[in-house]
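A single chain comes next, written as structure tokens; it is the form predicted on its own.
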Amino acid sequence: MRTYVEFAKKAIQNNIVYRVNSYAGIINTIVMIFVNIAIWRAIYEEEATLEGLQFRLVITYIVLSFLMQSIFVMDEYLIQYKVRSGSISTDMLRPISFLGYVFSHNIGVMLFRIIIQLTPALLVAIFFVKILPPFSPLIALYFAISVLLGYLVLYSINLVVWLTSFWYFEIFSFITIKDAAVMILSGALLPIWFMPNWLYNLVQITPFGSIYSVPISIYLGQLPETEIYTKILLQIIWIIVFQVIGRLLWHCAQKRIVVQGG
């Protein structure tokens, strides 16, 4: 365990080196929050309502979505780089889990973004945007748990895509398609309650809805407590499903490396 903690620390240190990128990320997050608020303010015309939804409710959703996106960033091409450079063979000789290394590396990236990017953006959201607070401390706890599970759902989906690097020289197209699906179907750009009923019902049973929509819906108090448990259980199920798929792909990839290496 200590080894993987050190990998996470190293990822944090590597990100600290590129401070200009970090500052740019903070500015980008804050700017995008205010740009989207301006767009939705124009739609709502101040405190008016659209389809019965209050303006501050939607703004809180949008802000939370951008805050989560700011920390849900991962090193998409880490595995591809190691496969193409050949360093994957050295990594596999080490007495550690390669998948454990990839996970701890991305956890380090997330922790760095929580400290450097999320904190200032959250302060701006609280004091200047004045987003709605959670309904209760218990709801805040459920929200925190669901956010963590949402991150793990996204990571598990990403892992499956990343492992295709062992079969395809370039995975840029796969990552682009995956990112588009996540942004549209997860509620990252637009609350899924604005979607047509058939699409809304479809998203509810896909893993994408478990990434952003479920945690934010919990925060906004849109789910009864019994349904919160169901949604959290569904998040756990999706994590297990994609982790199993990822492990199977990794097992096949190891055989592929052995065959090619003799």
Partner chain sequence: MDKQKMFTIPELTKLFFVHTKLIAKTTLEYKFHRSLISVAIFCREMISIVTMYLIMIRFVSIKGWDMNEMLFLYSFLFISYSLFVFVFAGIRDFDAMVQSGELDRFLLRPLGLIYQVIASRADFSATLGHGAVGVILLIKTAGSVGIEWNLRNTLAYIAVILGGTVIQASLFMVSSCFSFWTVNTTNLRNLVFFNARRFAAYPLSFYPGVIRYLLIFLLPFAFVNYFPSLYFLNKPEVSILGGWIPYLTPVVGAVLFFLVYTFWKFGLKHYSSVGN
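Numbering follows the first chain given and starts at 1. Bear in mind that the values here come from a model prediction, so they are computed numbers and not experimental data.
Omitted here: the form predicted together with its partner chain. The next part is about that form.
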Could you tell me which stretch in 107 to 115, 134 to 142, 152 to 160, 187 to 195 has residues with non-hydrogen atoms within 4.5 Å of its partner chain in the predicted complex?
187 to 195
So, 28, 34 and 177: all three within 4.5 Å of its partner chain in the predicted complex by heavy atoms, or not?
yes
Please tell me whether any heavy atom belonging to residue 40 falls inside 4.5 Å of a heavy atom of its partner chain, as the geometry stands in the predicted complex.
yes
Is residue 24 part of the interface with its partner chain in the predicted complex - any heavy atom within 4.5 Å?
yes
Does any part of residue 129 reach within 4.5 Å of its partner chain in the predicted complex? Heavy atoms only, please.
no
Can you work out whether residue 173 and its partner chain are in contact in the predicted complex, taking contact to mean some heavy atom pair no more than 4.5 Å apart?
yes
